[in-house]
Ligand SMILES: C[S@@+](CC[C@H](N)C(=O)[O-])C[C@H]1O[C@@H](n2cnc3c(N)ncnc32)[C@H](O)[C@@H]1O
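First, one chain by itself in structure tokens, the form predicted on its own.
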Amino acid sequence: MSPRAPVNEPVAGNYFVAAYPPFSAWDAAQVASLHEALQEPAPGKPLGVYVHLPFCQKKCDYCYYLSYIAQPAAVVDQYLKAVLRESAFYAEHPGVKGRPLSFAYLGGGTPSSLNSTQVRRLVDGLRQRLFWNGIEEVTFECAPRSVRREFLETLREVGVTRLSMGVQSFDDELLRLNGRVHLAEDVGRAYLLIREADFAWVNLDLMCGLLGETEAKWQASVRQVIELEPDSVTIYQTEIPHNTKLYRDLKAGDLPAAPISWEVKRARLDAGFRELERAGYTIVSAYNAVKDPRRHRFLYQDYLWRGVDMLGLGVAAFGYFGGVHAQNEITLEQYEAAVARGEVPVKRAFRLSAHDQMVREFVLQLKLGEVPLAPFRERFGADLATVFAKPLQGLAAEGWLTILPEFVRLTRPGLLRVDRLLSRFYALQFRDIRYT
């Protein structure tokens, strides 16, 4: 039986599920829960940190992350001081003090818009405040046009192990149409420098379903990324979130091309995955293909989806600690003012019950394509095949997954649309509510 595709999928809105419950369920009244969680020591439990660096040369039309365009060095320097002061607040809490970091992720924005001095100051400052020795993975995001040799040398010196570059497409027309500042030639120049710098892991991002994309253009981008032989490739399906230029143009009727349907995007993602598999890559999630799954585990994703603690540093940054979701203040002014007052600058939070934590970890791990059931029995004392019997059986009947004695495994069509399936497992009060 062929899987049954849903009809009338929304053109606009968030598609990618990053958290459960949805962000709109978090509120200021629960911020105290984070402070309580920070008082509880957690020896032996992995800890990570995400640092948001919200500075860009230009905001892409599809981007919904908080960013500030073309800021002077003084603004960036002041922000980095605030981030380091925030990290010092956390370092003194019993739940953080003395715990070694397992991973760090520096994202944006465009982190590579910083200069070498700023990167050294940031990482050295984090090392002084948090237990950085022995860290397993340090990811740094970069954009093609801002890659330069001396900057890459700095990243190597400060311990970056995983460099991720946003390529999105190798077609100049598509790049221009979707508001990217780089062109294909910038990718080639940057990638050559990155390989000369000899990072342990280089990831390249692509986006399928960009405005104006054709089947031929998509196939060409997949072929070109394979020719570069990165250690991993991440492919995202293009969304039109409400807080983007793409959405504003859609509502105004000003899009230069019609949005591509979800079924076409999924077909192209599937074709891209198959080409990567033929080239020797392994598909390890709904978004990621890696050359060597044993070497390239992506701890940031793997740990976070399994309930590990992560501090979120910087304006609008998200964290998860002791079963509590938290998001920082969402403007530079509010964030820096809170830090200057000596406060942990959290705007909203949500304490998850044991059941919520189980749902969160299951739906996020389902994005890996296969979820073993034994760890949930051990951690939560629950048989997921019983707890989620109705949605699992429904999705199995529709052809999106199979239920095995010790695993739940998505079919390939299910993996391609997993973010649309996850709400079947949500508690009733969190279904059909605004995502953000």
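Remember, it's a predicted structure, so these values are computed and weren't measured experimentally. Start at 1 and count along the sequence shown; that's the residue number.
The next section is about a form of this same protein that is not shown, the form predicted together with the ligand.
Enquirer: Decide whether Gly312 counts as a contact residue for the ligand in the predicted complex under a heavy atom distance cut-off of 4.5 Å.
Expert: Close contact is absent here: in the predicted complex, Gly312 is far from the ligand, nothing within 4.5 Å, heavy atoms only.
Enquirer: Can you tell me whether Gln168 touches the ligand? I mean in the predicted complex, with a 4.5 angstroms heavy atom cut-off.
Expert: Close contact exists here: in the predicted complex, Gln168 approaches the ligand to within 4.5 Å, heavy atoms only.
Enquirer: Taking the ligand as it sits in the predicted complex, is Gly108 near enough to touch it, meaning that at least one heavy atom pair lies within 4.5 angstroms?
Expert: Yes, contact at 4.5 Å.
Enquirer: Taking the ligand as it sits in the predicted complex, is Glu239 in contact with it (heavy atom to heavy atom, 4.5 Å or less)?
Expert: Result yes; Glu239 sits at the interface with the ligand in the predicted complex.
Enquirer: Picking from 331 to 339, 204 to 212, 354 to 362, 288 to 296, which part of the chain touches the ligand in the predicted complex when contact means heavy atoms within 4.5 Å?
Expert: Of the options, only 204 to 212 has residues within 4.5 Å of the partner.
Enquirer: Please pick, from Val123, Cys142, Ala82, Leu276, the one residue with any non-hydrogen atom lying within 4.5 angstroms of the ligand in the predicted complex.
Expert: Of the candidates Val123, Cys142, Ala82, Leu276, Cys142 is the one lying within 4.5 Å of the ligand in the predicted complex.
Enquirer: Identify, from the list Trp26, Tyr62, Phe388, Phe376, the residue with a heavy atom within 4.5 Å of the ligand in the predicted complex.
Expert: None of the others qualify; the residue that does is Tyr62.
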